[in-house]
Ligand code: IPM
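In the form predicted alone, a lone chain appears below as structure tokens.
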């Protein structure tokens, strides 16, 4: 029997509610496979700071170090609540970025998937959605502006200023581009490299490296596209894309936009992969306004479990089963109040009930 240690970082807001549904699924997976899943719940994010004085406490770090994979919920509080936490300990700075840095999770995968049967979730016109959406955004996750040198102060004219550095070296770019080409080879052999080389020198280096790596993948069709044009095409013709690769800031913005064309970030799971460890998380926020109401859809959280099964544990068949189970629940007309309204014809159920229906479908 194979044993896997999984650190569970439920986080803040709706995080604990949707994590509970992920745990239901993991118990089914464990029960019918020759695996032992050692689930290790630990504190992470704003809730951790209020309990321990640290957003990423030592106990949590130790659990993540031990884990074969990390399953992370949502983090963050309302603006007013966040102001109670010191700036450097606020969840993104004090927990999320340090975790990315510690495990060098440089490759972020965000599948943008909407089959025809779920196209009613999208705000785009049916003729734009066509036969559905199926593209993959790959984002470099540990470089660029978010991790560059930062400085604030008052200049000689007495004006407050902020200075942040966008920096990449060729090795950082090359490794994420290699991942993108490998992913393209498994799909339609089509890759869009997103950049801003008409303004940014970092993007000139980026496109140079893409061209160099492309020589090793002659089967892959490569198209370079400016980030602002890519944003437009995502709305007007998302079907033109298959695999998209981009630097950190661009990936943050465009992947959230892609959530918008799905109809909600609640439909977008993600994987953050490093050389030795990965963490999996829903792409959406902690939604503190609906926390505790049992109406948040756990699709992105459970979808993150499906990605973990495939990418960290090699359980490809169970991953496919889980995706199919979630699609079945939607196809049977069930949704939650955060994704659908009563007048859409969907049967609105609670977070718990949606999770139960996924487990039921998975069992079949």
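Residue numbers count along the first chain shown, from 1. No experiment lies behind these values; they were computed from the predicted model shown.
There is also a form predicted in complex with ligand IPM; it is not shown, and the following applies to it.
- For the chain shown alone, residue 176 is not a contact residue for ligand IPM in the predicted bound form, no non-hydrogen atom being within 4.5 angstroms.
- When ligand IPM is considered in the predicted bound form, residue 110 lines it closely, a heavy atom lying within 4.5 Å.
- With a 4.5 Å cutoff on heavy atoms, residue 146 counts as touching ligand IPM in the predicted bound form.
- Within 4.5 Å of some heavy atom of ligand IPM in the predicted bound form lies at least one heavy atom of residue 96.
- Contact with ligand IPM in the predicted bound form, judged by any heavy atom within 4.5 Å, is made by just one of 89, 104, 252, 242: 252.
- None of 277, 100, 224, 189 but one reaches within 4.5 angstroms of ligand IPM in the predicted bound form through a heavy atom, and that residue is 100.
- Comparing 200-208, 138-146, 287-295, 114-122 against ligand IPM in the predicted bound form, the single stretch with non-hydrogen atoms within 4.5 angstroms of it is 138-146.
- If you take 272-302 and check each residue for a heavy atom within 4.5 Å of ligand IPM in the predicted bound form, you get just 281.
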